[in-house]
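Below, in C-alpha cells: the form predicted on its own, a single chain.
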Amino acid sequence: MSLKPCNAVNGVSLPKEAIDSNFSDLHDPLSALQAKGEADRCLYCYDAPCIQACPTSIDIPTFIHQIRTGNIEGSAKTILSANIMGGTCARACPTEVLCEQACVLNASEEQPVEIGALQRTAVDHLMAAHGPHPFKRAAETGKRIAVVGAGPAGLSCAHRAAMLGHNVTIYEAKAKPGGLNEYGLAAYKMVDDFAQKEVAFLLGIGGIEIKYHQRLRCAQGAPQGDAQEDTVSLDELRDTFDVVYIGVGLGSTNALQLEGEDKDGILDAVDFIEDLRQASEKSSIVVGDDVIVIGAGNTAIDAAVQAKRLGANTVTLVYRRGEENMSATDWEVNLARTNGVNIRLWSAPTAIKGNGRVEAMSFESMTVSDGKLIGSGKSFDLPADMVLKAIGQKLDASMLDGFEMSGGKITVGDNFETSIAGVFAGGDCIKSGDDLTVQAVEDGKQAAHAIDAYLAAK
C-alpha cells in the first residue's frame, strides 16, 4: 500500500474543481431575506434559555431582534461585546448542543432558530464594512500585561484588557496567531483565511503587540521545539510585566501505547489537520487509500471527513465504546456518515502491523460487564496505510514548573489567578468547562476583568 496525493483516487486524478468543492464553506451564509425570515421566528423569550446555554452569555434575543429591524451593525456589537470571536464561534461552535438546543421552539417540535447562522450574518457584515473598531479603549493605565498564547483565550483576554486601558504583549510559539482557530479546525469550517481576518479585526482595538516564535521555556530551562523558536521564562515575564496570563491550550497528544506506534503512516490527527489548514494547495497533502481514525471527538470527525474529502478510498473511524459515549455531537457524527466514513464501535486497538510502514491494525471487540469496559476475546484486523490518532490532547506541563496542578490542568481560583501570585490562566489549560473555543473566549474575557481588579487593588 502506498500513500498518494489527494487528487488521485485509484489512479484517476480528481479535477481541481472537485477538490475545491470538497473544501468549500460547509455552511452557506444566509441571504438578507433568509436572515430576516429566520429572525422573524424568534419568540424573544423573557429570561431566554438560549442566553443561559451560551458560555459567553450573548444576549441572543436582542441581537436577533436587531437583525429583524435592520440594525445589523448594532446586532454585531451586541454579539461582540460578549464574544469578540463571535465570527469563529458562529462557524465552529456546537450550537446544536448549546444555544439552539435550548431554543424553546424545540418543545413544540419545530426546528430551533438558526442562531449560529444569524450570528454569522451580523458579525460578517460588520467585519466586511472595514469600519473603525466597534469598541474604544479606556484611558491608558500604564499597566503592562504579558499573555502567553495567541489562541482564543489569550486573544480574548488581550482584547478585553486593552479595552480596559492596559497594554498587552502576546507571546506566541507559532508563526501565526489564532491557536486552534487557525491550526485545529477542519478547513471547510474556516474558509477564506477567516481566522486571520478575525485576529486582524480584534487587534484593531489597539494596545496589543504579538511576538511570534516565542515559547515558554520548559521547567529545566532547556529550549524545546523548533530551532527557530526563542524561549522566554515565566520569571522573565513576571519581572517585566505587571501581570502574566497563561493561555497555552493543550499542546501535547495522547499515545496509543502500542508497539510500533512510530511506524510510517501513523500520525496525530491534529498534525494532519494543521498541515491541511496551512496548505495553499490541498492537493499537496498526502492521504492513504485505507485510513483509520482512532477516537470519538470532534477532532476525530474533522480528520476522518477531511481524509475522505481528500480522496481516501476507505476511511474508518474506530471507537472503543458505543455511539452514545462519543464526545462528538450527533450532528458531527452524522456529517461523518454522510461523507462516507465508516464508524466501527466497541472496538479497541491492540496491535499495529507492518514492516516499517503501517499495513493493518488489530482490534478487540469490547463489551460492558458490571459497568466496566472489558474485552470480549474476539479480534479482527483492518487494512491501513494511514492511521490518525485522535484520542485526546493534554497539557504539556514541562514548561509549567511551580504551578499547582489538578487533573493534568492548571489550578485557578474563582478569579482565574493561579497558585503563583500575579499569574492568571484560562482556556483549555484550566478546567472551567468543555474544551471549546467559546469557553476559552469567556475565560479570557473574565480573566481580563479579574486582572483589572487585581491591578486596581495593587
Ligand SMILES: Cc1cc2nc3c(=O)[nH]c(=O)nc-3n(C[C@H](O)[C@H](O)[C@H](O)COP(=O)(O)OP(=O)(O)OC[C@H]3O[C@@H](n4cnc5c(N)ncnc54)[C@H](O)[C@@H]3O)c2cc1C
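In this text, residue numbers run from 1 along the sequence as written. Since the structure is predicted, the reported quantities are computational estimates derived from the model, not experimental observations.
As for the form predicted in complex with the named molecule, it is not shown, yet the points below apply to it.
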Only one of Ala328, Leu185, Ile79, Val168 has a non-hydrogen atom within 4.5 angstroms of the named molecule in the model of the complex; which is it? Leu185
The unique member of Val387, Leu310, Leu180, Ala195 whose heavy atoms fall within 4.5 Å of the named molecule in the model of the complex: Leu180
Using heavy atoms and a 4.5 Å limit, would one call Arg160 a contact residue for the named molecule in the model of the complex? no
Spell out, yes or no, whether the shortest heavy atom distance between Pro94 and the named molecule in the model of the complex is within 4.5 Å. yes
Contact between Ala153 and the named molecule in the model of the complex at 4.5 Å, heavy atoms? yes
Is Ser75 close to the named molecule in the model of the complex, meaning a heavy atom pair under 4.5 Å apart or at it? no
I need the one stretch from 281 to 289, 340 to 348, 142 to 150, 126 to 134 whose residues put non-hydrogen atoms within 4.5 angstroms of the named molecule in the model of the complex. 142 to 150
Within 4.5 Å of the named molecule in the model of the complex - does that hold for a heavy atom of every one of Gly37, Gln66 and Gln119? no
Using a 4.5 Å cut-off on heavy atoms, what residues in 296 to 334 are near the named molecule in the model of the complex? Asn298, Thr299, Asp302
